[in-house]
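The chain below stands alone and is given as structure tokens, in the form predicted alone.
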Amino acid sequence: MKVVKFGGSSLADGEQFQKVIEIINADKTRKVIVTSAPGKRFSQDLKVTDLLIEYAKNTLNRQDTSAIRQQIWERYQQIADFFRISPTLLEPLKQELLKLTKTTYPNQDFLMAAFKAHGEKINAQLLTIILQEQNLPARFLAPEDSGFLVSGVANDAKILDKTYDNLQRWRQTQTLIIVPGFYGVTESGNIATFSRGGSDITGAIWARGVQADLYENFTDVNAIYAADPRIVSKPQAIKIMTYRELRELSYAGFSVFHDEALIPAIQGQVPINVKNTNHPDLPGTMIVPEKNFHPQNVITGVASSNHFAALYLHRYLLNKEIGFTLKLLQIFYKFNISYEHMPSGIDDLTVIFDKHQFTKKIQQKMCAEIQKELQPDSLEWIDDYAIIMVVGEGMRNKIGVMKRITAPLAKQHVAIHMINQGASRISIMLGTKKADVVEAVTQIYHQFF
């Protein structure tokens, strides 16, 4: 049995819907189909989710919503027209969109979640209608009907463990089950969404719940590549990689697959196949457990991300001072800030953060409190910071990998501000200036590929 998720670009218009239907028909073991909301049809197009956010904002601000609602509906109408679906069958879906403004929600966050979720919900309902009109045994299954239960955080939901027991009963289904991605329902019956891109998470949860043999994730690229094609021209496709390799690379910028979506698949030990909806016969990239994996290359990929900042602290005899790090972490806790990494020396400590957590005001207030409470000899906030992740199961038993990574950077005068290697020995993190990222990634890629 296979669980199959289709991304927004795969379901953007009627022609893409037709490709999806052909993929479903090509393999009868594809039983659970997870839909995203319609994505972009061309580069300047808008995703339906973004239109729904605008619809929600207009509703909250008590502005006229008729124009934006019509713009949203036209996306679904165009898909329906491609398949000549009758207005009678579509009317309930149109009413779903209208009903959003007339429903009472616990608060504004749950309103926003409900609006956003309907991009996936209406798309799943529409796909079900189209399949049924083609005499295929398809059934739309809403989260409240499948028992897909999530925590009560409106726009950052987490799956409840009981969901997996609820989903298990669908393993023997003889019909096609069409489920909307991106959201679930709380135990009190409210819609709550995962973080953006959460349809990947939905697919992985279903794959674990029904103990699928394979989770297929269809997107708009042929495979996952060893480097970002926007940085390295025509990088090598990765044929097979491990869960933890992709986790490391996704964290540092690989955007093909939502990094949180790996967790349910790992827990269920379900292999994942990332494939292209437009070229479904290509093998794509397989993501598998580490057990019995034999790496073909020293490194699997190199990724980079610019959304980081660093706090540098210097204080003599820092390593002798009991409680220094505890006090620092308590200040982070006070400001509701999480840190990513904390490499240190005997007199130095660097803390790396995801910059998305900060406003200028929060950053200044936090640094002022650290200066007051800890009194470091020097404190520096580094905004011009990027990280590069070099990842590969093949690194574990190879001598000299660090030299191969750093030597070409030295030749190109790329300064390395931080090096961090985890205990698993499958990844090396480098900290550099943003301006050096492209050169660094390119040099490392060509060193190994």
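Everything quoted here is computed from the prediction, not taken from an experiment. Residues carry their position along the shown sequence, with the first being 1.
Note that the form predicted in complex with aspartic acid isn't included here; everything after this is about it.
Peer 1: Does any heavy atom of residue 199 come within 4.5 Å of a heavy atom of aspartic acid in the model of the complex?
Peer 2: Yes, residue 199 is a contact residue.
Peer 1: Please check if residue 33 has a heavy atom lying within 4.5 Å of any heavy atom of aspartic acid in the model of the complex.
Peer 2: Output for residue 33 is no: heavy atoms all beyond 4.5 Å of aspartic acid.
Peer 1: Using 4.5 Å between non-hydrogen atoms, is residue 206 touching aspartic acid in the model of the complex?
Peer 2: No, residue 206 sits far enough from aspartic acid in the model of the complex that none of its heavy atoms falls within 4.5 Å.
Peer 1: If you check in the model of the complex, is residue 47 within 4.5 Å of aspartic acid, heavy atoms only?
Peer 2: Residue-level check for residue 47: yes, a contact with aspartic acid.
Peer 1: Among 395-403, 33-41, 413-421, 378-386, mark the stretch whose residues have heavy atoms within 4.5 Å of aspartic acid in the model of the complex.
Peer 2: Flagged stretch: 33-41.
Peer 1: So which residues in 100-136, when you check aspartic acid in the model of the complex, have a heavy atom no farther than 4.5 Å from it?
Peer 2: Counting only heavy atoms within 4.5 Å of aspartic acid in the model of the complex, the single contacting residue of 100-136 is 120.
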